[in-house]
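The chain that follows stands alone, in the form predicted alone, written as structure tokens.
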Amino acid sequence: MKAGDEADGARGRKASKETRRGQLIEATIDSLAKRGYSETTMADIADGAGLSRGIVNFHFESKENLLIATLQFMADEYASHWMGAYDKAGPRAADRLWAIVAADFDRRLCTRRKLAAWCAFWGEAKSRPTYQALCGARDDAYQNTVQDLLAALKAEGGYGYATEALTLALCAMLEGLWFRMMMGDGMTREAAHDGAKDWLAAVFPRHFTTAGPKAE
């Protein structure tokens, strides 16, 4: 076998490994959404991915390892998404805040399936330090960014709010809208996003209308 053929084979095996890991993570998200945390089994995940149980054990060794990998995947995906929105929004604080709020309702991430999986992990985080660390790192980075943006808006607009308290209020509102969508009580992604936009326009009238950031 030529060196080039060996390299192609190695790349193919790596791609296959990554593909199977991805299938298993997606199947784990599906099972968490359908069955919840405690009722999800390795057999459910293998069946959902269309793979053998031996393949699941080969890649992750245990249910806990697979769940940690799934939570890490979701946390990385979420962080990459909102940070990308932040970077693309430009230098103005109003544009950046509008963009990262909108990112929470993007159809690529804001689905009943993924929201239910997040809730399953949140429900277990209190008793599992690894989950706390992964969820906490995600929340801290997001809240610190929001707090910096709110401080900038306060300085620009002369608002009287306490920045830290309003940061908690905004983040709690967004999490609450996620819960409402996950509960299936008729709250749509579009309606939830409209509610968030109305909140921004009401709290920061010098910077936003319900249609978006005001021009300078």
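Just so we're clear, the structure is a prediction, and the values are computed from it rather than from any experiment. Residue positions are given as counts along the sequence shown, with the first one as 1.
Form predicted together with a further copy of the same chain: not shown, discussed below.
For a further copy of the same chain in the predicted bound form, the listed stretch (169 to 177, 145 to 153, 54 to 62, 41 to 49) containing residues with heavy atoms inside 4.5 Å is 169 to 177.
A heavy atom within 4.5 Å of a further copy of the same chain in the predicted bound form is found for exactly one of V101, A125, A75, A89: A125. Within this chain, A93 is remote from the site of a further copy of the same chain in the predicted bound form, having no heavy atom within 4.5 Å. a further copy of the same chain in the predicted bound form comes within 4.5 Å of no heavy atom belonging to I68. In the predicted bound form, a further copy of the same chain sits within 4.5 Å of a heavy atom belonging to D198.
When contacts are judged by a 4.5 Å heavy atom cut-off, Q132 counts as touching a further copy of the same chain in the predicted bound form.
Residues R112, A116, C119 of 83 to 119 are found to place at least one heavy atom within 4.5 Å of a further copy of the same chain in the predicted bound form.
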